[in-house]
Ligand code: NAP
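One chain is shown next in structure tokens, namely the form predicted on its own.
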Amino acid sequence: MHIGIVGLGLIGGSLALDWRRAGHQVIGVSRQAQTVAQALEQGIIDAGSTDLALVSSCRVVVLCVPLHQMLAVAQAVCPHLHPDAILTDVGSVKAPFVQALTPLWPGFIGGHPMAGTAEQGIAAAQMGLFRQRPYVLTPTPQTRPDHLACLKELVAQLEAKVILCEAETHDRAVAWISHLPIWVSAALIGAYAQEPDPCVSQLAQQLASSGWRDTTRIGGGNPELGVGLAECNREYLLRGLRRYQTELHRLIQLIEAQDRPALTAYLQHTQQVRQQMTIPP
């Protein structure tokens, strides 16, 4: 099968590697000629160009571009698609794009591989990135069964776990486990940055260990990603932030009151909730 990848970064490059290994011919398109040349040199793609017309022979085309570029890139890609082509994406917000792109291309099926690393760009692409990771597909009632079956098979070849859900349900869920944590982590870093005593700040850095590192990692990540999530999943991110704010206010009251039994009960409850969650390693 001919597969087109538009956007040759970490995700696009990693998809290309796995699908080439599965025997598909992968076409890569990037705005940067240097990126295309690097992908060809490293054997990540079979053919590449800065010209979107190259995807005209592809059965499946995957948009692997930042959220703020998604609609414009899709609009530019659609005139070049084969009439029976499947168009999908890897964006971490689904509802706005399913609503916008399905009328534009009836063969559009939203997708979101829940995988990544701290590294970005084509140089970070790796085989097996999606192995045993969730890969969400958001078909609509208008989605053709053969199109969905084709995408499910391609995802299975990544050794990922296919999860089907409605676009809005996806956005509500990832607001809790992905989008909210980015901004909570960023706020923690922002609060630390307001420490007025440089000696305290320096000592805190010297004492910081895995707890601080893990809690602040995503808040110190790619700003473009965080801003895109805030723009595209604004309603559900704000809902999560307000509930989190309510919990913080509640904790402040308990700590001010020195209510040890209530604090203990609170942490016992959160411990139980955390233990009951099924979270992949």
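In this text, residue numbers run from 1 along the sequence as written. Everything numeric in this text was worked out from a predicted model, so none of it was measured.
What comes next is about the form predicted together with the ligand, which is not displayed.
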Assert contact_stretch over 235 to 243, 250 to 258, 54 to 62, 28 to 36 against the ligand in the predicted bound form, heavy atom within 4.5 Å, equals 28 to 36
So, in the predicted bound form, is Val6 in contact with the ligand at a 4.5 angstroms heavy atom limit?
yes
**Asked** Quick one: is His112 in contact with the ligand in the predicted bound form, heavy atoms, 4.5 Å cut-off?
**Response** yes
Notebook entry, point to check: Should Gln69 be classed as touching the ligand in the predicted bound form when contacts are defined as heavy atoms within 4.5 Å?
Noted result: yes
Are any of the heavy atoms in Ala167 no more than 4.5 Å from a heavy atom of the ligand in the predicted bound form?
no
Assert contact residue (the ligand, in the predicted bound form, non-hydrogen atom within 4.5 Å, options Val136, Val90, Leu158, Ile86) equals Val90
From Gln75, Ser201, Thr117, Thr140: within 4.5 Å of the ligand in the predicted bound form by heavy atoms is Thr117
